[in-house]
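Take a look at this single chain, the form predicted on its own, given in structure tokens.
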């Protein structure tokens, strides 16, 4: 059952049938939960500490983008709590802490160096002190420690050569996939989130999609063409699949960003979009008071979904707390709460596009993929197309944009009606 510090209230307490352990303390979860959902229900908001100042860290995006929720799972370090599914008997441990429970003495770094730290010139003389400092720094730095045991070997790699590969199963990517299949064109769509996570994000999964397949690289072949490499999670199995498509469609969407606020890195500061997706997937509700910080149509819609008050960033002077969010300071005074949900303008996820040679241009929210009027993006390796939010298209128009790009792709290969 959730404790007094719980951030989430379970929709059905009787469904928490799985027994896990977090830092050797018992933890209960429901089948299909992510680790983040189970921890937030138990009030375990902080899962580790930052490398330099040893500040507490916990989940932010809740969708596998930011990496602030890394923890150790069954002896394997650096796994994202927000995308790792629970299983009975799972052993979870926080990372980058000297002690698994209780006060962490390295937290004093943040207090001692409140004015900042130039670690490049810190304790350089005398030599003996510098040697000791370097040894301490090496032990403090890094993400986690080595695994308890060698990892299981991955499944043998496999190779596919679809005519069209669609990366991303958001509204734009699904629209492309459906239109191509209506035209009888063989296409493969890959999505880095699992089925439940993707469905919670875009509300639809009636198209055939390869879930749990995260594209991490677009690499040119030595003699023309190209290979898209993806890491595949199939239950507990992991493997690599490579694709050599004739046409590549990038529908990678956007990533949530941090709204500039004082102390905006405290555990309990969450992305409003990721929080809304988590609540849709689990049916849970917030067990603590909270606010949404943002402005504009998107922030208003998210505040309505979360049933929280919307505050403009200029109205918040600081987020307050120690190991987690405890309150916010506004012009009217202090407000006690447990969650600050940020609803800033998301940034286009254009990294893969840039890797394969596509041009990008700066827009208000970040670098969007540049394309011509049909949707083609300039790239040397494939015939590359881009659609949806990664091109600066509003979320509400992403599906229509995907349909339009699919029509242009069909016309380019002579399959238009």
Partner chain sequence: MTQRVFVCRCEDVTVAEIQHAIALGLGSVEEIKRYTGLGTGPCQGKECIVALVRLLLAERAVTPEAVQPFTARPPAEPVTLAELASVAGTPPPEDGP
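Numbering follows the first chain given and starts at 1. Quantities reported herein were computed from a predicted structural model and do not represent experimental measurements.
Below, we turn to the form predicted in complex with its partner chain, even though it does not appear here.
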Per-stretch contact check against its partner chain in the predicted complex, the hit in 28-36, 388-396, 52-60, 370-378 (non-hydrogen atom, 4.5 angstroms) = 52-60
Residue 366 near its partner chain in the predicted complex, any heavy atom under 4.5 Å?
-> yes
Although its partner chain is absent from this view, report whether residue 42 comes within 4.5 Å of it in the predicted complex, heavy atoms only.
-> no
So in the predicted complex, does residue 383 come within 4.5 Å of its partner chain, heavy atom to heavy atom?
-> no
is_contact(residue 261, its partner chain) in the predicted complex, heavy atom dist at most 4.5 Å | yes
Given that its partner chain is left out here, which of 126, 184, 333, 116 has a heavy atom within 4.5 Å of it in the predicted complex?
-> 116
Tell me, which of 214, 188, 73, 303 has a heavy atom within 4.5 angstroms of its partner chain in the predicted complex?
-> 214
Triplet 195, 273 and 405 all within 4.5 Å of its partner chain in the predicted complex via a heavy atom = no
Can you tell me which bits of 331-353 touch its partner chain in the predicted complex, meaning any heavy atom within 4.5 Å?
-> 347, 351, 352
